[in-house]
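Taking the form predicted alone, here's one chain by itself in structure tokens.
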Amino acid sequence: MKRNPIISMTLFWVLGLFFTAISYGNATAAETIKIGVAGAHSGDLASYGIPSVKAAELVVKEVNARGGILGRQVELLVEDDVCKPEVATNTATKLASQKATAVLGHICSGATKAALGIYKDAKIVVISPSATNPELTQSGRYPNFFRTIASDDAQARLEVDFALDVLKVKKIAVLHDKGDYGKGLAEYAKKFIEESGKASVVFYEGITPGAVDYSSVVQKIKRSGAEAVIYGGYHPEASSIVSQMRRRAMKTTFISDDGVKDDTFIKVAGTYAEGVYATGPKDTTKNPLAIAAIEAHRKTYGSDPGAFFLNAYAGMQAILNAIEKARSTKYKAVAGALRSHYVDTPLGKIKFDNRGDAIGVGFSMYQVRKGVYVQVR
């Protein structure tokens, strides 16, 4: 059959456009720098994870508007782990398969620990804004892990020093939720109290997370004669314990951690939250970069940011700065740049030590006064 030259040329031109479009689409996808954002985006602890997503979105929006990093746009891969270790491993596997260069997250220490081995094998840098378990950096097992928050030994030290030197208590009950985060903090608190010689641990116990009733634990605290409780864990259990204590007219001082230093605790505990102490990241809201980040959140989302927002904002800035300084998305280059180059963030000017801890960050003590957390030390 004789070919029509006009039809042949037209077909060739159409096919050429088709394959060019496919090639261009694949090239565009390949050119993006993919950054994972992993954490609790649903469930009881979503108030800790969602602020990190919003922080990442704001940083990336600004960077992409300036032309991106290394001439490439940044793409976010957002995955929910519900702060559960068994889900976090699936989240990590998925982000690794999607070729994430780095991950902002995870949020809870237990979930972070469960995921880190997968990221390590995949040669992916991870920066958490909130995972405070000391072992994550101090064990030396996770050279790919960094964080923009101080570790629980520093947090427990502040809680104990505050209880002994400021509140002058002599009898302390120490509770925890049996998790990597809560139990780790409680063990440090117990150790520091016993080493101080200034007070005694009159009651030490782990509770069951998610229980409806903690009356038996509350009764044990009362019988122990504890003047203060130091609790390692998260706000759902803390709000329940505090509420049950106050309903029994117990005036025992309640001291907790950054897992409780969240507005959700105050909303759930209501008036029973009044007077509760909790440690949290140092207040840097007067930093010009923090002011700008908070204002950007208000303008974009119509609300004030939640827990660990500034830590996450700094974490995302650190990731992108490291890629830019290294002029590479390769693991060793990015990890090296995180340790060798400072970056200006809402937390101040930071870089990371050889263990992965951010230099210059720390904790402060806060107290609920008239329905809001106020820094007291």
Partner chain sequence: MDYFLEIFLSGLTRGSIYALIALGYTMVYGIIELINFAHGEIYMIGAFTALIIASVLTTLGMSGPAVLILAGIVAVIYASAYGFTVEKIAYKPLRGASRLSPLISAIGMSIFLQNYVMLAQTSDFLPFPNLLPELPFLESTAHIMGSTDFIIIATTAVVMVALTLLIKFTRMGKAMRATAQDRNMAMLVGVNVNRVISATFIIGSALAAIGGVLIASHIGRINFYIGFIAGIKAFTAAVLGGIGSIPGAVLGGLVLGWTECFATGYVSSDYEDAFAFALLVLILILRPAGILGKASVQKV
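Please read these numbers as outputs of a predicted model, since none were measured by experiment. Numbering follows the first chain given and starts at 1.
Keep in mind that the form predicted in complex with its partner chain is missing from the display, and what follows is about it.
**Q** Given that its partner chain is left out here, which of Ala150, Val268, Ala296, Leu289 has a heavy atom within 4.5 Å of it in the predicted complex?
**A** Contact with its partner chain in the predicted complex is made by Val268 alone.
**Q** Please tell me which of Ser240, Thr252, Asn144, Thr284 lies within 4.5 Å of its partner chain in the predicted complex, judged by heavy atoms.
**A** After the contact test, the surviving option is Ser240.
**Q** Residue-level contact is defined here as any heavy atom of the residue lying within 4.5 Å of its partner chain in the predicted complex; does Thr32 satisfy this criterion?
**A** Although its partner chain is absent here, Thr32 would stay clear of it in the predicted complex, with no heavy atoms inside 4.5 Å.
**Q** Does any heavy atom of Asp213 come within 4.5 Å of a heavy atom of its partner chain in the predicted complex?
**A** Yes, Asp213 lies within 4.5 Å of its partner chain in the predicted complex.
**Q** Val217 versus its partner chain, in the predicted complex: is there a non-hydrogen atom within 4.5 Å?
**A** Val217: yes, in contact with its partner chain in the predicted complex.
**Q** Quick one: does Lys123 come within 4.5 Å of its partner chain in the predicted complex, counting heavy atoms only?
**A** Residue-level check for Lys123: no, no contact with its partner chain.
**Q** Of the listed stretches (60-68, 40-48, 324-332, 346-354), which one has a non-hydrogen atom within 4.5 Å of its partner chain in the predicted complex?
**A** The contacting stretch is 40-48.
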